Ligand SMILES: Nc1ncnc2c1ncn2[C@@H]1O[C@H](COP(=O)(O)OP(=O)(O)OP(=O)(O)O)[C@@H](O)[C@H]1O
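The chain that follows stands alone, in the form predicted on its own, written as structure tokens.
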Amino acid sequence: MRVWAIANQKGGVGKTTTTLALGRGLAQRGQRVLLVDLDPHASLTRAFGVPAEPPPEGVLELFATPPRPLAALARASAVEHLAYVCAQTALATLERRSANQPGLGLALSQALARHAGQHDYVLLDCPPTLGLLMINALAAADRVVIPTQAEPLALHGLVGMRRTTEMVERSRRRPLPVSVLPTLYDRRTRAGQEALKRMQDEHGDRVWEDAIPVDTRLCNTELLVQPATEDGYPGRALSRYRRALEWLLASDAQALERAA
């Protein structure tokens, strides 16, 4: 079972869209995929049509005593092979609880260890803040995918996110590969072109050589949770996500070879 954390400390860079698009692509390849919504804003959960009230069972139950198993919290989606675990707004209270409840930083790792073998891929949709939930995700991940908007201010967020992954990598004492996925790219603007080139120059082969373009179809994330059409990736951005997924899978295979 491979665990990918979709993370960036900056909001508005397409984390939830990336999680849904990559998860859908993996499921279309016949992989058993579980998406875990770790963001108290619950955008991924809302995309699947789950209402905020009454609060659904979900990630919060992984931090209970005793914790609920992931398998009991997973919900099937309309996309074959794709399941998800809901977020709740009460996840925002975990930071306060962690001061008096040691061990919460590894709750997700422990839940995933107990879940081993039940899915082929688990994708973690992280909140846009460095806190308990993101640390849980990075501690559990086999790879971090950092969606980064191709614009100048987003590059500062990328640097901060790279520092965070390096800190977690040192703490857990095993590699944490990073893949940077340029998103929301507008090739018509000089600022977008320059930001993409700078991203590639400064972060090297960790950055995908292409970019996910701005595509208004993705404003409606419900497109990504409907049963797949024959090609599965209508529109410019979604077809580009298919190529990005191929790059990520190749990078993952290389990392596994080096570790063997």
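Position 1 is the first residue in the sequence shown; the rest follow in order. The model shown is predicted, which means the values in this text are computed figures rather than measured ones.
Below, we turn to the form predicted in complex with the ligand, even though it does not appear here.
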>> Can you work out whether residue 22 and the ligand are in contact in the model of the complex, taking contact to mean some heavy atom pair no more than 4.5 Å apart?
In response: no
> Using 4.5 Å between non-hydrogen atoms, is residue 155 touching the ligand in the model of the complex?
Replying inline: no
> Quick one: is residue 202 in contact with the ligand in the model of the complex, heavy atoms, 4.5 Å cut-off?
Replying inline: no
> Taking the shortest heavy atom distance, is residue 194 within 4.5 Å of the ligand in the model of the complex?
Replying inline: no
> So which of 184, 111, 135, 91 gets a non-hydrogen atom within 4.5 Å of the ligand in the model of the complex?
Replying inline: 184
> Since the chain is shown here on its own, which stretch among 45 to 53, 26 to 34, 59 to 67, 208 to 216 would lie within 4.5 Å of the ligand in the model of the complex, judged by heavy atoms?
Replying inline: 208 to 216
> Taking the ligand in the model of the complex, which residues of 1 to 30 have any heavy atom within 4.5 Å of it?
Replying inline: 10, 11, 12, 13, 14, 15, 16, 17
